[in-house]
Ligand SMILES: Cc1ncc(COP(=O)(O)O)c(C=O)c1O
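Okay, so here's just one chain, in structure tokens, the form predicted alone.
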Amino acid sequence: MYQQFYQHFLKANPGKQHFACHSHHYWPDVTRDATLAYWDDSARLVDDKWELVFGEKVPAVQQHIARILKLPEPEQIVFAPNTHEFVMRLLSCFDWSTPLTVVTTDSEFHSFHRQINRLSELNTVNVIRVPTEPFATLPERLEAAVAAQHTDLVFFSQVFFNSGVGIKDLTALVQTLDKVTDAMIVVDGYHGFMAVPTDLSAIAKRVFYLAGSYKYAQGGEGCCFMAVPQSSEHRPIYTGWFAEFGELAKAKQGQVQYANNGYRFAGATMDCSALYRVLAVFDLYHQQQITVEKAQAYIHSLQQAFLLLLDEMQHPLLNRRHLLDKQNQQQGQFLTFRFAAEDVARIASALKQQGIMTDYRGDRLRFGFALYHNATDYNLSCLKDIS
């Protein structure tokens, strides 16, 4: 149905069934032309290309993201090569020499997990990790953990990378947290953005929202973004020259100045080819009237077709009984199966040898789905020989 937009990647991977879309999504063909356009603009404009980047490309991408997430202030969106850079910039708003309490979950992306573990080696930093399971009660348990003591930072995912399960009502959770804390609230939306219909309009003034183009926005690595609450007056210590672009906040004598919008959290010089690529994807979706809702419905149809094939195969491990989510909390664009870690690794390797690309984390085997799939192309007959 949508494969015509992905011919370069599909032709480069003949005979493969790519179920690792949630890990590295295929790029639409328009992104190749966008990469070349960035090269041509760089050659044509040289030093003056920044006027084009910040005068046209950045505002255009901001407008698309604001439209998709229903954000009222596009200029509050800032870009960086990766979300870890934003995590560090947010953390640098705090004084690590004084007590700092972070409430998060046990299922955050690896860079955050590693960084917060390293930070917790400081005597002043207390990290509280709330288990995501049972999923149905996570919002209540997260709220209780935040309310139990003074909290400085709350960090959790919209959709968890190791399960595909997400927060059913993000607005309700943030509004509830807002009643019990004045902490900085940060949502990692990487597996939610362009995968789950998201309306941040009611919480835009309260939440920092992180996401990027590497997954479902399909622009490849190098273009991540953060939506910054308009009222933010934070002065991150980790800051670069991009943070002085746009209108500058009034500076006190001798202080470093910051942009009076989301770019107060900007870094420094970056390769903007990814910005061109993701803009091309946004334009393609807009032209083809592919909404997040329409894409999600198509993905759900693929998932159901896949599960029906598994039902026919009656594999002893790869079946509905081993789905991690049995309570219909599923929101992400991938399905997660859980069984013994050694079996997960063995089956993933055997599937790869048969041209079925998946990925796994410990005892969890993940199958992702994408617009470049057609359910009629699915072939799982090799499972007969994989026990």
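Residue numbers here begin at 1 and follow the sequence given. Just so it is clear, the structure is predicted and the values come from calculations on it, not from any experiment.
What follows is about the form predicted together with this ligand, which we do not show.
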| item | value |
| --- | --- |
| 4.5 angstroms heavy atom contact with this ligand in the predicted bound form for Thr83 | yes |
| This ligand contact in the predicted bound form: Ala274, any heavy atom under 4.5 Å | no |
| Thr124 within 4.5 Å of this ligand in the predicted bound form, heavy atoms | no |
| Arg264: touches this ligand in the predicted bound form, heavy atom cutoff 4.5 angstroms | no |
| This ligand in the predicted bound form: contacting segment from 296-304, 146-154, 266-274, 189-197, heavy atom within 4.5 Å | 189-197 |
| One residue of Phe161, Phe242, Tyr285, Tyr258 in contact with this ligand, assessed in the predicted bound form (non-hydrogen atom, 4.5 angstroms) | Phe161 |
| Listed residue (Val103, Cys224, Val228, Val278) with a non-hydrogen atom within 4.5 angstroms of this ligand in the predicted bound form | Cys224 |
| Residues in 112-148 with any heavy atom within 4.5 Å of this ligand in the predicted bound form | none |
